[in-house]
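Below, in C-alpha cells: the form predicted alone, a single chain.
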C-alpha cells in the first residue's frame, strides 16, 4: 500500500478566519526581525490512521489550538509557528523515517512527539541522534525512560505505572470486608496500556488482592468474547483494562453481553473520550479511568484552550488534545526563557537544560521532571456518575464522591 503522507501547517487554519495569520503577509507590510527569518517550523509525526488514529487526531488538534494561540500572540520570538504533520499510520518504522525526514529534509526548528509509547521510543531515538529536544504527549511506559534518552520529557502528570495510584490507595484503605478480593486484568499489547494496568495490578497483588485473570491481546483484536468469557468464569470483584479506545469499547460490550458484574471496573484512555458512552451503549455508568486533565480545571490556559478548541473544531476538548497543548506550553516557555528556537546543538541544549530544571504552568497543572524526563506529579481518577464525568479522586480535586460498588451492567 502506498505510504500515506499528511502535511499540514498552521496557515491552513487561516480558513477558519483567524486574524493571527493575516496582515503582516500583505505586500508592503512592515516585517519584524523575527518575521524576516521566516516561520518556526515544528515537525510532528502522528498516527492519523491505523490503530492509534483516534487519540492521534486528538493530539493533532491540541497542537493546532496551541499554535493558533501562539500566532495570535505574535508567534515564538516574533516568528509565526508552522506545524508540519506526517501520518505514521501507527507504524514504528514509519515514525522513525518521518522524523528523519522532518529533521534532515524539512529542516524543522523543533520536533514535538507522537502518540503512544510504541511510537515515542523509535521517534525519540531519531531526535536524540540529531541532538533535538523531544517533548512528547503520550509515551508513559516505563521502558520509554529506560533507553538512556537525555532530551526527552513526558508532558503529562504521571508515567503509566503511576496512573492508578490514587485508586490503589482508595481500594487498599477500604475496610477489609469491603475490599476487592480478586481482580481480572486484560491489556492491549502496548507498553503504555500494559503499564497502566500492571501498575495497579502490582500494587494490589502486593496487598493480597488475588489476580484471577491476566490476558494480553494484540492491537488488531476485534473479538473480545473469549477474553470476556475467561473473566466471566473467574467472577472477579475488580476488572481492569489496559486499553486505548476501540479495545476499551470492545471489552466493555463483551463483558456487558455476558453479564459480568464486578464491584469495580476501570479502563485506561477510552472512557476519557467523549465518544465512549455512546460507543458502549449505556454501559459507561460508574466506569473509572485515570485522567490527567479536566475541562473544568482552572490551571494556566485551560479555560482559554477549551473555548478555542470548541471554536475551531465544534466539539469538546479531550485529554489527548490537552496533552498536545501541554507540549506546546512547555516548549513555548522554554523558548521564551532561553531566547532561541533554532535546531543548532547550542540552542537545543539550552532548551533541554531549561526544561530539566524548571517547573511549568500548564493546562494539566504544574509540571516538573526528574533526570530521566519523567513527570513528578499524579493522575486524577474520573468516573461516570449519573451519566456525567466526575473527578472522584484525589479528595482535594474531586467533583463527586466515588461510587463503589458500581451498578450492574
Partner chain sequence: MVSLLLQGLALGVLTGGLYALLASGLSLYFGVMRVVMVAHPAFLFLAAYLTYTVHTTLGVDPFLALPLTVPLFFALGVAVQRLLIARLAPDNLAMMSVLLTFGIALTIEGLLGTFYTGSYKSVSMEYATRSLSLGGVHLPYDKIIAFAVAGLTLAVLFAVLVKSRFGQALRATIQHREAARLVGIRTERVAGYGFGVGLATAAVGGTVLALITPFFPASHWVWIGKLMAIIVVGGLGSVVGAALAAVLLGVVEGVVLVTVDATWATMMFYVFLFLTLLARPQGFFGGRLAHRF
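None of these values were measured; they are calculated from a predicted model. Residue numbers count along the first chain shown, from 1.
Missing here is the form predicted in complex with its partner chain; even so, the following discussion is about that form.
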### Query
When its partner chain is placed as it is in the predicted complex, which of 256 to 264, 107 to 115, 79 to 87, 162 to 170 ends up with heavy atoms within 4.5 Å of it?
256 to 264
#### Entry: Listed residue (208, 315, 148, 218) with a non-hydrogen atom within 4.5 angstroms of its partner chain in the predicted complex
218
### Task
Check each of 212, 297, 103, 225 and return the one that places a heavy atom within 4.5 angstroms of its partner chain in the predicted complex.
225
#### Entry: its partner chain contact at residue 343 in the predicted complex, heavy atom, 4.5 Å
no
### Message
Is residue 278 near its partner chain? Define near as a heavy atom within 4.5 Å, in the predicted complex.
### Response
yes
#### Entry: residue 249 within 4.5 Å of its partner chain in the predicted complex, heavy atoms
yes
### Query
Do residue 349 and its partner chain come within 4.5 Å of each other in the predicted complex, heavy atoms counted?
no
